[in-house]
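Just the one chain here, the form predicted alone, laid out as structure tokens.
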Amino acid sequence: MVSVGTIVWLASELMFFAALFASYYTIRAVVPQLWAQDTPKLDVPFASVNTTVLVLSSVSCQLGVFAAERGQVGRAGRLFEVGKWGLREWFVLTYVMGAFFIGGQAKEYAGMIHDGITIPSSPYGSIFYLATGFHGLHVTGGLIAFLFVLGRTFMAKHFTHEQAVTAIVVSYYWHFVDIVWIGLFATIYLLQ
């Protein structure tokens, strides 16, 4: 039931992001000259690296889910024996990659503000920060969920099926956030 509820909730989140995409394309159609003026100020190579890190975090998240399904909470070998990692190690790596992404977004925002692109400066700035900012809030929510799952693994005496389901549900959310970012990245950074 938890998985089904999560999928229904993610469907509502999909509608929220669909509205953001619709707003983006509507504003872009109304004032295309702003896109011609402000899009070249985006740091596409940096955003590409940041995107790659976020997408790879989905891989590490899924490897953590596979470990949870096997009932392997912690690593079975040394720290650098990646093939023997458990749920904790994969989720910590995912958390670090997600935090890197958020840090990259903050760095990019600082650069955009330095270039004069702010929320009140233009419709371009407004929709850029609105779309990427709400996504960043969702990534932050995912990072909090990872901390919750990791905390539960340390608090519980035995790793149960319910804890594995929690890890799976968090992975649904994380994969969703990654897929939304791929769409945002393609829309904002690649469609000049």
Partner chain sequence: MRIEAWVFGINAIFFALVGPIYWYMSGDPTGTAALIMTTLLALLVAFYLGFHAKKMDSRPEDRKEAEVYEGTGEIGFFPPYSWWPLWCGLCVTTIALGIVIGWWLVIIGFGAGSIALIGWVFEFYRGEHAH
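Positions refer to the first chain, counted from 1. Please read all numbers here as calculations on a predicted model, not as lab measurements.
The same protein also exists as the form predicted together with the partner chain; that form is not shown, yet it is the one meant from here on.
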Proximity of residue 11 to the partner chain in the model of the complex, heavy atoms at 4.5 Å: yes
Partner proximity in the model of the complex: residue 17 to the partner chain, non-hydrogen atom cutoff 4.5 Å: yes
Contact test in the model of the complex: residue 126 vs the partner chain, heavy atoms, 4.5 Å: no
Residue contact check: residue 160 to the partner chain in the model of the complex, 4.5 Å heavy atom: yes
Per-stretch contact check against the partner chain in the model of the complex, the hit in 40-48, 53-61, 127-135, 24-32 (non-hydrogen atom, 4.5 angstroms): 24-32
In the model of the complex: members of 150-172 within 4.5 Å of the partner chain, any heavy atom: 151, 152, 155, 156, 157, 160, 162, 163, 172
